[in-house]
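Have a look below at one chain only, the form predicted alone, in structure tokens format.
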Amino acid sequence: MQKTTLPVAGLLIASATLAAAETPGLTIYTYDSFVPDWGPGPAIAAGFEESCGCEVEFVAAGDGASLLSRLLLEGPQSEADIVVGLDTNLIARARESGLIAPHGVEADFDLPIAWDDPDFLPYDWGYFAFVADAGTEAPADFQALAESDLSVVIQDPRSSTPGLGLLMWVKAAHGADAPAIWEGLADNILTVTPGWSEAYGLFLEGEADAVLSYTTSPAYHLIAEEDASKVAWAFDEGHYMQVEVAAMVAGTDTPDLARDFLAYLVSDPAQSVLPTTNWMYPAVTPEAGLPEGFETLIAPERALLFSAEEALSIRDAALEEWRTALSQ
């Protein structure tokens, strides 16, 4: 009998193909700034892959609100196993879609609020704030900002979680007077960007006096750049809180692997990565504590936050108030 032999190169290709087919994969939709080398994604993926025997693929889908829009557009046919980067202002809408499954993960969260949501897992949190150079005279509140000549860059609430957070911030602080606040702020707004990265870039290029960001943003400049020249303005009426969450997509083909990733996301190795890559407070304080420099950040005297249901119910009206003021 004549024997046939497969060339060595062919054997290697066949073996690699077989190994790739046997390696489970996890597709995670998230926002743009989570994915780059300077973001938390690569380190978290590498840490999880060491124990899971799988491959993690992060898919950047714009900012947080755009992330939800993509998931809703794709529906049950979505290739996502997990979404990372929604927040409390988007939770109710995501839950109503039926595309989210319970995560089954337990953790002892260190959040300013109680958390017992079975579908959405918090992984970090912070407060929205305007960030400026330390030498810029800081307004005490929204009204003072509106009466000043200061220019600011903000994000679009239809595509960005900080942009939507600003709408909720103004509404929570001023209620029925929110339209008047927006009318006053219209002249201060230099431009509205699709997402956070574009807005912060314009600020760093000197295009505006301040940018909508977080009270934790100055920590980046202080720790990563040894630059203490950036500060967050403290507003007397309080600051709106953001809790960022991850969730398992109901249509995932690998639910056990997805739950394992979510459990890893709130473990000490992953939580330790977040303060100096995502520049937010971790949902579970790392065993080593927060990095040096976080103690210099402002601590709002009043935390503002709508429930997920309240945020959904007022979103359209708040968006119309914002749109009307800026179109005049």
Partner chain sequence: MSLRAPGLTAAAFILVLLFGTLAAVALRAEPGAGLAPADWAALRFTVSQALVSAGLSVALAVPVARALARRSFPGRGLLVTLLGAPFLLPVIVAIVGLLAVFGRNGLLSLVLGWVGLPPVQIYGFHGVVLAHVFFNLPLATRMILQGWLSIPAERFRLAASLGAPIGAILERPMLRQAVPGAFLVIFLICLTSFAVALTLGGGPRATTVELAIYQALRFEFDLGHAARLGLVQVALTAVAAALVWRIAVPDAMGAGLDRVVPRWDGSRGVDAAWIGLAALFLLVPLGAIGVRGAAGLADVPASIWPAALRSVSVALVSTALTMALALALVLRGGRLAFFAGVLPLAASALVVGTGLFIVVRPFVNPTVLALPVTALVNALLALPFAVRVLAPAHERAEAGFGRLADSLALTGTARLRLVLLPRMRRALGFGAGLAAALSMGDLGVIALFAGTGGETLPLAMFRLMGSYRMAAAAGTGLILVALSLALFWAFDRGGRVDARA
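Fair warning: this is a prediction, and the values are worked out from it, not measured in the lab. Residue numbers count along the first chain shown, from 1.
Beyond what is shown, the protein has a form predicted in complex with the partner chain; the following relates to that form.
Shown without its partner, this chain lists 177, 141, 79, 183 as candidates; in the predicted bound form, only 79 has a non-hydrogen atom within 4.5 angstroms of the partner chain. Put simply, of 120, 220, 233, 128 only one has a heavy atom within 4.5 Å of the partner chain in the predicted bound form, and it is 220. Annotated contact segment (heavy atom within 4.5 Å of the partner chain in the predicted bound form): 70-78, selected among 252-260, 109-117, 70-78, 238-246. Residue 202 belongs to the set of residues with a heavy atom inside 4.5 Å of the partner chain in the predicted bound form.
Mapping the unseen interface onto this chain, residue 274 falls outside it, with no heavy atom inside 4.5 Å of the partner chain in the predicted bound form. The closest heavy atom approach of residue 279 to the partner chain in the predicted bound form falls within 4.5 Å.
The partner chain in the predicted bound form is approached by residue 57, whose closest heavy atom lies within 4.5 angstroms of it. Residues of 138-175 lying near the partner chain in the predicted bound form, listed in sequence order, are 151, 156, 157, 158, 159, 160, 161, 164, the criterion being any heavy atom within 4.5 Å.
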